[in-house]
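The data below hold one chain only, encoded as structure tokens and taken in the form predicted alone.
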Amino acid sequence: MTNPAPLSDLPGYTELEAHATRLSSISIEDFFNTDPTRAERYVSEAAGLRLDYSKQLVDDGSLASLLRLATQANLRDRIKALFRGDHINNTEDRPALHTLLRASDDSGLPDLYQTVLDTRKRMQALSDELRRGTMRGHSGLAITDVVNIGIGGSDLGPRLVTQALTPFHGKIRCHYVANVDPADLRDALAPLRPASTLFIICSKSFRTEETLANGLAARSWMLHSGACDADLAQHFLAVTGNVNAATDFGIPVQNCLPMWNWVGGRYSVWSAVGLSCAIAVGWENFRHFLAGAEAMDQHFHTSDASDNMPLIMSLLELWYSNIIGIGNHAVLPYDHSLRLLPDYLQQLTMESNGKRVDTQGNPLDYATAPVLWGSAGTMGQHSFHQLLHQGQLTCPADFILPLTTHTGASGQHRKLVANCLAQSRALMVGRSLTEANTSLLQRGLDKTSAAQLAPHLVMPGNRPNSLISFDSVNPSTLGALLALYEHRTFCSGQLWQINSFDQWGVELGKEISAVILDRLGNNEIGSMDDSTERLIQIYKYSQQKQ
């Protein structure tokens, strides 16, 4: 499949620049005033989710040009290539088949799909055994706690899903450790009993420094509690692509589940990496999680571009990043259970698309991967929303809104919904100087005081945002939501002509860290810059004082 011309050379790109100039003097609110059907038309629905993008700074003309750009970039063919299993990860010569992990048929890849089905059966068996209380530790006690040790994609996805689906939990408690800082593992283990604890070590290479260090510390914790080496098999599982390294660690082959090289870590929660999630919520709920993602896959694969939810979100990302020149994007989940969603999406989007060369290694002359950030509402309203409303920086935002709550506190949830809708509207309409002055007069200020204070109450508005709503946070809608952002990320990468499935940028820091680690010990070979050298010596001196 040949590459199209560079993004900035496509005809639609020039059209979009002209649209940006034309729309620079028009407000989003003006669109509503002139088009009474806008709120009905600028909507996409799929897999239980509803995307309302009517508060975005686009009109029919600019949206049509964005869709033409997608055609010029051969995006439809590239979507087909993703699902077909083409080696779209060209730098590592691999497919990216995370969609196969949640598929209900072989999608033309029967051999690979059979390995997925076999792994699902093993995951289900382990989940069922643990939840029935029949899996026991070396002393005969039933396993009550599971600790997932991983980092990046082996931690963020399972941690988010487990936390988001708390209302669906059974009796097994699942915990997560990622940071090589020993305090992370210490705090996780403090309330646990070794004899009733099971560890799942997730690492494709089984050599990831942080994961291996925590895994070794967990093994020592178990051995120091009175277990012997032969007992470890009852307390350790591995999800890995390097079974030999896992067995060297002390985990028998029968306790190892696969991690395939055709699935990137940040796309792997649907695989055995999600075992802790399946244990926490039960296999039937995990199956619904997969089904929700598959429903979004089918929508993405088959829908027309004009109603394709991930594609629309990707085109809006390109519009702001490349045409308007905005380098950030906020995700604001108005549900406490989704508070880790921004963290998860940071890795998904910035590790995938934080690239500066195209798939052929040529330097890019346009921006990629805006900084993604955010926090749960209403917490953010009392911290960074001040910047959203009155700051110099424009921050396009996605509001994520479940319409019901699992808590039963519908009255309090109604206040949460009101806050979400109010923030979305306030970002769009803002407040003029006249409105600010009138408001102050109505509060009882005299004319002079009101005139002096009014400029401080002005909010420019015209801040673009979308609202993604769904009935409730449940396994199906959560699966659909994560798949939605996966596909949006893929589309953006294809439009930018970059490889969204490698991450070479993390390698250099690892290499330098290994050298510095030797230096922090007794190895004096090699040298660093003066700043790093001084800090190494300061660290060594601090250790001598202990």
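The first residue of the sequence shown is number 1, and the count goes up from there. All of these numbers come straight from a predicted model, not from anything done at the bench.
As for the form predicted in complex with a small molecule, it is not shown, yet the points below apply to it.
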| property | result |
| --- | --- |
| Contact flag, T197 vs the small molecule in the predicted bound form, heavy atom cut 4.5 Å | no |
| Touches the small molecule in the predicted bound form: Q347 (any heavy atom, 4.5 Å) | yes |
| 4.5 Å heavy atom contact, K204 to the small molecule in the predicted bound form | yes |
| Any non-hydrogen atom of G153 within 4.5 angstroms of the small molecule in the predicted bound form | yes |
| Region of this chain that lies against the small molecule in the predicted bound form, out of 411-419, 81-89, 264-272, 181-189 [heavy atom, 4.5 Å] | 264-272 |
| The unique member of I26, L517, A39, V506 whose heavy atoms fall within 4.5 Å of the small molecule in the predicted bound form | V506 |
| Interface residue in the predicted bound form among S127, S321, S424, T208, criterion: non-hydrogen atom within 4.5 angstroms of the small molecule | T208 |
